[in-house]
Ligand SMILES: Cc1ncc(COP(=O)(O)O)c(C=O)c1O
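Only one chain is included here, represented as structure tokens and corresponding to the form predicted on its own.
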Amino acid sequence: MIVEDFILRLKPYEGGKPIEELKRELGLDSEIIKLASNENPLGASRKAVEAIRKSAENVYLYPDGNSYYLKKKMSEKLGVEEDNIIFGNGSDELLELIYRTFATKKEDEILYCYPTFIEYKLIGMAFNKKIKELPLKNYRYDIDALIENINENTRIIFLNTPNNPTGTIIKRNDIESVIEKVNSSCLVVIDEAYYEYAIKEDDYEELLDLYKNNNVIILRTFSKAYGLAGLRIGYGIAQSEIIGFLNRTKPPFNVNLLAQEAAIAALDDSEHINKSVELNRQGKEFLYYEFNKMGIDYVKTYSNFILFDVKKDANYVYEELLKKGVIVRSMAGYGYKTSLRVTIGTLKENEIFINRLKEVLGV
């Protein structure tokens, strides 16, 4: 079978092995602590789980292709019209829809700062787009450099705030500067996957009203604070014209029935969100304190993960932690050769991680 060169350059995403398989391979009897994928350590809300149970017998039916009831509830929660909202099979599908709908010409360019969410690059490569990556500056989006690189072919700009994997944010006035700079043919994508964690920080500014611009879409997800990563459901907020265009390329029945029902229930469970965010705050302060005692540099985070620098080969530290039953994420592949990213877990998980890290680093 013959395919284009840009397909051959793609590398399949390699997910982690099941925890039970890792335990078998490593010969571990103790519990494995997974702090690599920025999942909510409290899991999904009980309301969401109960909604899944109640809906399980209906899985022989196709889901609502318009996510009618979920869209209605989200509209009420956000204070936007229903035709300003679109749901996807995770934010990843919405990113793919954005490429498919708006980056349709050979000369179209995609612009963002890197390291950031890797899917911007992987999906862009899959669509054979010209990708322009600019380096972060002090772990943050370099807005001045980004604006300087906008040209007549710039079709999509990705602004990841808080940025994964650094946890830093983009200030509202900087985002507004980007929006003011682009022409009407360029879409500015504001990716707020970690919004629920960030908004509790005193200096994080609300960005929702920016969707009123004619070339902006805001992406959020139920995968992080809501704890529904296994159901794959994300959403976008934009002007109705943008949503209408995306609906033209959206597959039918793209959001499954259980995901819709769980998301509706999760939106009613503010107590679970508050508990999740508070646990994250406590865990963050604990890890900051321990990192400071160990002399480890880290980046202040607005999310549920922390980027930290061990001043040793990140892959080596990752492998040694893995042998001790702790899974984190090496950032060597992102260019941070001595840094790792750890998801903030429960108190017990955070303590185990710190103790194992001390053993590996000999401190």
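It should be emphasised that the depicted structure is a prediction, and the values quoted were computed from it without experimental measurement. All residue numbers are counted from 1 along the displayed sequence.
Omitted from view is the form predicted together with this ligand, to which the following refers.
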- Using a 4.5 Å heavy atom cut-off, state whether residue 92 contacts this ligand in the predicted bound form. yes
- Query: How about residue 250: is it within 4.5 Å of this ligand in the predicted bound form, going by heavy atoms?
  - Reply: no
- Message: Please determine whether residue 187 contacts this ligand in the predicted bound form, using a 4.5 Å cut-off between heavy atoms.
- Response: no
- Query: Closest heavy atom of residue 193 to this ligand in the predicted bound form, within 4.5 Å or not?
  - Reply: yes
- Heavy atom within 4.5 Å of this ligand in the predicted bound form - the one residue of 232, 121, 140, 132 that qualifies: 232
- Task: May I ask you to choose, among 84, 276, 223, 168, the residue with a heavy atom within 4.5 Å of this ligand in the predicted bound form?
- Result: 223
- Query: If we take heavy atoms and a 4.5 Å cut-off, which stretch out of 169-177, 250-258, 265-273, 112-120 is in contact with this ligand in the predicted bound form?
  - Reply: 112-120
- Quick one: name the residues from 141-165 with any non-hydrogen atom within 4.5 angstroms of this ligand in the predicted bound form. 160, 164
